[in-house]
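Taking the form predicted alone, here's one chain by itself in structure tokens.
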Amino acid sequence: MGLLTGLRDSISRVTERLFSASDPKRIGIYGPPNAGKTTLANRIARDWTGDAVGPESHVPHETRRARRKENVEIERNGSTVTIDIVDTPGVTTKVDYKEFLEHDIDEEDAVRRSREATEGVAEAMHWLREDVDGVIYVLDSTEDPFTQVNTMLIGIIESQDLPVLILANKTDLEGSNIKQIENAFPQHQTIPLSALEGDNMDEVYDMIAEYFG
């Protein structure tokens, strides 16, 4: 009886490992507001599934809830890596409703959006600590990366021992400075791209397969 029970438990553990190893990796797309996270998520999803993850906007905090696109199969070098994309709200230390007023949004809607965006930041942090297997960290290469939020988030990612790719986005814009992002986080490889134009996505997909496959 004890032998049968032990054998059954051993088979159960092996089966669990096999199935968990084949499950898609949950990859969180993180970064500050308006870095191009949803644009990147949509680029990846459209390239490999034909669908979008969510609406893109120049208005900050347009993504106020995490959105997930499951079973995205990326083929590279004869092999396939399957991931679930989690497009998270932009993380910031404060969401001010006045930011929305600058985009011709009425005050009542602006207050509602700021409240939802604040809740979205908390949700993004929960995903980071509990529910992702790796991180794609997106930065606007025209902006200074030396911020409290970026330093904090990269530190949390490192403390969780999560694989992370840092992407220097918006290289199509004047003022793009990839070097400043490389200097900010020299411990990680920085990949330049324009998610909007699709520039350098081949390298991005190669690295996704290498890091998260």
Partner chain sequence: MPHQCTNCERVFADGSKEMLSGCPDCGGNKFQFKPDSATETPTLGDDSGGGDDAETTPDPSADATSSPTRESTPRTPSADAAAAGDPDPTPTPEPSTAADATPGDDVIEAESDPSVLTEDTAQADARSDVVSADELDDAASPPPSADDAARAVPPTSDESPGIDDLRAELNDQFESIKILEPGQYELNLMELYDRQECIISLQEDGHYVIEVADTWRDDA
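Positions refer to the first chain, counted from 1. Since the structure is predicted, the reported quantities are computational estimates derived from the model, not experimental observations.
The same protein also exists as the form predicted in complex with its partner chain; that form is not shown, yet it is the one meant from here on.
Asks: Is every one of R65, K94 and M125 within 4.5 Å of its partner chain in the model of the complex, counting heavy atoms?
Replies: Spot residues vs its partner chain: full contact, yes.
Asks: Hey, in the model of the complex, is T142 touching its partner chain, heavy atoms inside 4.5 Å?
Replies: Close contact is absent here: in the model of the complex, T142 is far from its partner chain, nothing within 4.5 Å, heavy atoms only.
Asks: Can D133 be called a contact residue for its partner chain in the model of the complex at 4.5 Å between heavy atoms?
Replies: No, D133 is distant from the partner.
Asks: Does any part of L101 reach within 4.5 Å of its partner chain in the model of the complex? Heavy atoms only, please.
Replies: Answer no; every heavy atom of L101 is more than 4.5 Å from its partner chain in the model of the complex.
Asks: Report whether the minimum heavy atom distance between R76 and its partner chain in the model of the complex is within 4.5 Å.
Replies: Because no heavy atom of R76 falls inside 4.5 Å of its partner chain in the model of the complex, the answer is no.
Asks: Taking its partner chain in the model of the complex, which residues of 168-202 have any heavy atom within 4.5 Å of it?
Replies: Sequence-ordered list: Q180, N183.
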